[in-house]
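One chain is shown next in structure tokens, namely the form predicted on its own.
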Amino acid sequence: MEQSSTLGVIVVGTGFVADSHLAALRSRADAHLVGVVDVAPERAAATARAQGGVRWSTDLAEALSWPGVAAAIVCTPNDTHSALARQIAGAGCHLLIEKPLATSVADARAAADAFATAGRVLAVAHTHRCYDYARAVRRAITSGEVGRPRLVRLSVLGGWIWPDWRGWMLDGRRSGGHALHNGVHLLDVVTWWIGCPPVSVFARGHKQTSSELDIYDHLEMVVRFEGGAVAVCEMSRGHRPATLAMRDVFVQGTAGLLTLPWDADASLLIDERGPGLLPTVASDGFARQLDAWLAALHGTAPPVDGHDGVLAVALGVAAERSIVAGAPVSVADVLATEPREVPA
């Protein structure tokens, strides 16, 4: 298929997560990379060269005007998401944007509303919904094998993945805090599994790596849902050794019990460097996510739409507020009372 008949995509932000989106895009026959955008010209130029000499720019407006551009994938810091999303919607392009949709409910709503007004497809990259483990649990629930979920526990524990102390994700003002940056993955996927509106979030945060951190790198979050279901989520980027990654799933339903123990997807290896995991071959969640987004351009539902993205932001905000308050925070209150932070 000739590139002129495929979907032209730009990637905005060329940090490490962009590599996964770019790899997924390279595998497509129905979409192609037109160019990349980054505020740092050296990063933009280097990525453009690595992608075969595509266009690059530091100016999103310029990139949106390039011939053939019909869609964008945004991989920039969290606090930039809403403004970039609204600019892309205004240009009449479709968007796949890294989670979270924004760092406030008001900004998330503004982004979702912009795409609803423009009649373009917005999908939020809550990639865990596209991973094998999450899809397997979802199938077991929707098929009725475990009945109606009453108690869910999801733990994702890992070591330090961020570059150094200058990383924007360690600045709570930019990332929104760990509950919005990484914990939101868990909050979103358990809500997807349970399938009922979340009522409240009760969270605790710990600074495992250093007391000087601006964020909590270890989170415990309890979500209560309409109908009485409860989800317990544990998210860590402060475990040791840094190479150890663990995931544990427990779903108690009215008709059965489902467990995916932490070693279900990998083999444990212990050598002179310490314990580590040898992962098994699994499908590419980023490729599956891209498939679903591109399919949504032809009329199917996006994997995570604007409504889902706003709700996930509300859950993350509720978790961050709960850590400060030391008490459960109502999701409805967050959705209803958070002040608008963008121009009307």
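Numbering starts at 1 and runs along the sequence shown. Quantities reported herein were computed from a predicted structural model and do not represent experimental measurements.
There is also a form predicted in complex with a small molecule; it is not shown, and the following applies to it.
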inquiry  = Each of 136, 155 and 190 having a non-hydrogen atom within 4.5 Å of the small molecule in the predicted bound form: is that the case here?
reply    = no
Stretch in contact, per heavy atom within 4.5 angstroms of the small molecule in the predicted bound form, of 109-117, 75-83, 216-224, 203-211 = 75-83
inquiry  = Residue-level question: is residue 46 within 4.5 Å of the small molecule in the predicted bound form, judged on heavy atoms?
reply    = no
task = Look up in the predicted bound form whether residue 14 has a non-hydrogen atom within 4.5 angstroms of the small molecule, and give yes or no.
result = yes
inquiry  = Whether residue 61 contacts the small molecule in the predicted bound form should be assessed with a 4.5 Å heavy atom distance threshold; does it?
reply    = no
ask   = Does the small molecule come within 4.5 Å of any heavy atom of residue 39 in the predicted bound form?
value = yes
inquiry  = Using a 4.5 Å heavy atom cut-off, which residue among 194, 123, 169, 105 comes into contact with the small molecule in the predicted bound form?
reply    = 169
